[in-house]
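The chain that follows stands alone, in the form predicted alone, written as structure tokens.
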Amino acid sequence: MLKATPPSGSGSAEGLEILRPGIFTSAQDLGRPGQRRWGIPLGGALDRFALMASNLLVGNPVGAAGLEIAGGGLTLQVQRALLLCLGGGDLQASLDGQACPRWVSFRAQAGATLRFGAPRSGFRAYLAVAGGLALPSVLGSRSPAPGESGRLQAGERLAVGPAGPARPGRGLRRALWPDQDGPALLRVLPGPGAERELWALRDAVLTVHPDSNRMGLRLRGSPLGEAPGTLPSLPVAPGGIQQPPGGELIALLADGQTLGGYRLLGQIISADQSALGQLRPGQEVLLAQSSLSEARQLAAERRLALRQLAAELGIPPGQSGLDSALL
């Protein structure tokens, strides 16, 4: 079990108890940026926007650790009164039998039970807790250590750190809610020498294969056929689209490797990588070629939206964590 110890002077270690872990529930923050040169994946939340926005809504810095609930099925009990916020996919969450709001902070009293059903839209929900999960830090992150799955088990208890002055009822403007219905459109920068292959994928409808995980999503339906055999290894990053020899495509996620010897078709722009993390088995995916200028503009717009949210909530720039966070 996790040995979650709150910071000194924070009071009770009580927070959340996992009663039923669901398909795959893990504690995640924003990962380990700056460690890839040592071969250590970024890790952290697959839908970074959802975790960051939810943290702000309960008064946390954007990088505080919360729960990533993949596929639903989680049941947990609140051990003391807490301020919570749910972002990301709609997993039909309920608190003591009453439907929980998404993208708005709410109170949960001691003894309350929070349940998650099957995904209605998206695939991963994020539960932010005022004060953040007080888990051990490994290489600067409270996400699972490299080489660990991090899947939580029934009976595990997660401590919560000291909370700030945030209050319930603070929400994300509806215009900022991500669209998680229908086919997902992902914008891609071409990989080295892969412009022709990426262009050939423009009309293809790809499908997320169930044999996917936090390292990468397998995408079926590519018209490209077989790829060349092993190539010289190149640096790869979350959002990279690889083409193994069999032709099936793989979109790398946060736990993906740092080097790859498959053809690199392109890089999904950062503004679309949260949408990538919400894809569920069987969902259709469309790829569109992007440009560096578009990618930079969309990333700037997403960061501005989070800065404006922090300002609306009265969180000073130096306390939001946005200055150092990768989006």
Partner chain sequence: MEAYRVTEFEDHLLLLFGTTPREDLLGVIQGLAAELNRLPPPGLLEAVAGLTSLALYFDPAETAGPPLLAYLSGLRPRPLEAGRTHRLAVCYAPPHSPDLPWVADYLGLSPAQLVELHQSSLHRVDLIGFLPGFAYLSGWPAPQPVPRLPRPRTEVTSGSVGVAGMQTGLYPGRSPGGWRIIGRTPQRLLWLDREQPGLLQPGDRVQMVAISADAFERQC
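Quantities reported herein were computed from a predicted structural model and do not represent experimental measurements. Positions refer to the first chain, counted from 1.
Only in words, not in the display: the form predicted together with its partner chain, which the text now covers.
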Legend entry - Location of its partner chain contact in the model of the complex, chosen stretch of 187-195, 114-122, 97-105, 157-165 [non-hydrogen atom, 4.5 Å]: 187-195
Inset, instruction - Spell out, yes or no, whether the shortest heavy atom distance between residue 176 and its partner chain in the model of the complex is within 4.5 Å. - result: no
Inset, instruction - Check whether residue 269 has any heavy atom within 4.5 Å of a heavy atom of its partner chain in the model of the complex, and answer yes or no. - result: yes
Inset, instruction - Using the partner position in the model of the complex, report whether residue 147 sits within 4.5 Å of its partner chain, counting heavy atoms only. - result: yes
Inset, instruction - Verify the contact flag for residue 204: yes if a non-hydrogen atom of it lies within 4.5 Å of a non-hydrogen atom of its partner chain in the model of the complex, no if not. - result: no
Legend entry - Sole residue of 78, 236, 93, 227 within 4.5 Å of its partner chain in the model of the complex, by heavy atom: 236
Inset, instruction - Could you list which residues of 39-57 come within 4.5 Å of its partner chain in the model of the complex, counting heavy atoms only? - result: 39, 40, 41
